[in-house]
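First, one chain by itself: the form predicted on its own, in structure tokens.
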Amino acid sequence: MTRIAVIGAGITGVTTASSLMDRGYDVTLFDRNRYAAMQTSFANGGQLSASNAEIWNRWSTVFKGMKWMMTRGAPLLVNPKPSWHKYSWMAEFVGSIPQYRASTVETTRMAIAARGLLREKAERHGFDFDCENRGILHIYTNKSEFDHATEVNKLLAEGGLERRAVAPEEVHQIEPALNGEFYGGYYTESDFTGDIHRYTTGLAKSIEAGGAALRFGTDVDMLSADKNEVRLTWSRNNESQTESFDGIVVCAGVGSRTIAAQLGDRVNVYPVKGYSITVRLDDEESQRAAPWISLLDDEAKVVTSRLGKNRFRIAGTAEFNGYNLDIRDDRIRPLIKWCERFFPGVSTEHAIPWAGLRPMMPNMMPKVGRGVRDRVFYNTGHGHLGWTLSAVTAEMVAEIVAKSRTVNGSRGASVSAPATLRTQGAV
């Protein structure tokens, strides 16, 4: 049986391992943490949101970043300290602005395809992930943000998404718990939410029961690949071992750049930090006052999800500050204040803070395809849409592996995510 190593046990790595196993491969999954989904896939905003498929490559994003550079609580914060990686990444980000329209449409198509695949995996493997099928409501307090959303809606519609404008009074009808005055909103009934950590750990347990080898708590110390094999040296508890594989898929999030360099590839992911709070709804008053509809405040860059009866997740902000996981009070405080503004009846006494590093490519599109060396593949760089896109890119890379001459003798082309969708249609 063909042996494939998958590096990284976040949502992308675990779904990739599952899709490879569906095609009959013997999969070994590596992660330095003791459990799956302990980093960026631990406590994100929870949204499975084709309605949030707009990429960030716009001049307005650049100008906002410059404007907010010295505002510690701003939705987008850039540490001005010089870094070649950061500023070269930003130069590529600006260079990708002309692809804004096409990439947003392609991301929408991927997100729509991913939703059904993700549900199918959960149903087939039989685990619960606090899924709420109530749609996602984008809210706007001013005309300029609403007008931009109207333009974005044209691109989402081109990608196949149905999203409708709602008047201020309907905003409150859709989510009665929401406090405040709004200019309007956009509602996507087909979007939904869920707990990314519960999903990833549930799927990891299922594939282990199905025969996957989980090498958790291990460090991948050395990698090499040639036309005959991939050699991987890993260590755990001061013991080291080298194994040979027929192929490798790198799904290592912000660690993918370093791993790719060992394999002769340039995968220019940058760690963009995001924050969340999980508000414990310990009393009945808070449970009644918290929303069940998932929300996205485009101006504040805040998203919310209700994770069962007793948890309310609020996430947002983007911070360009290197490989730094410090949880800053000045970044958490705006999330708490946002909750208290729009949901004053919710107690924020127990709000658990968290920070994670989103692996972002400069063009905001995931890296899905072959490396320069035989037997090397990538599924990484999903940025703020890792949870949303994971199921479809897992299928994409598994198909690329299956078609590759390095695995079954037939020639397979390296493709990007947009190219794959153009040739295959919605997966």
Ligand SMILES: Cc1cc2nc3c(=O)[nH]c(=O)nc-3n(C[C@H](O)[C@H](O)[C@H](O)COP(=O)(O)OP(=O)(O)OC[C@H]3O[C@@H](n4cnc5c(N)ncnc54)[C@H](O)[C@@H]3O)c2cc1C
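Residue numbers run from 1 along the displayed sequence. Bear in mind the structure is a predicted one, so any value in this text is a computation, not a measurement.
Only in words, not in the display: the form predicted together with the named molecule, which the text now covers.
- Residue-level contacts in the predicted bound form: of Asn321, Thr188, Thr108, Thr218, one residue has a heavy atom within 4.5 Å of the named molecule, and it is Thr218.
- Taking Pro362, Gly371, Gly65, Gly45 one by one, only a single residue has any non-hydrogen atom within 4.5 Å of the named molecule in the predicted bound form, and it is Gly45.
- In the predicted bound form, Tyr275 approaches the named molecule with a heavy atom inside 4.5 Å.
- Remark: Trp292 does not count among the residues lining the named molecule in the predicted bound form, judged by a heavy atom distance of 4.5 Å or less.
- At least one heavy atom of Leu385 is located within 4.5 Å of the named molecule in the predicted bound form.
- Proximity of Cys251 to the named molecule in the predicted bound form: non-hydrogen atoms within 4.5 Å are present.
- Note on the interface: of 96-104, 118-126, 206-214, 252-260, the segment with non-hydrogen atoms within 4.5 angstroms of the named molecule in the predicted bound form is 252-260.
- In the predicted bound form, the named molecule lies within 4.5 angstroms of at least one heavy atom of each of the following residues of 12-46: Thr12, Gly13, Phe30, Asp31, Arg32, Asn33, Gln39, Thr40, Ser41, Asn44, Gly45, Gly46, in sequence order.
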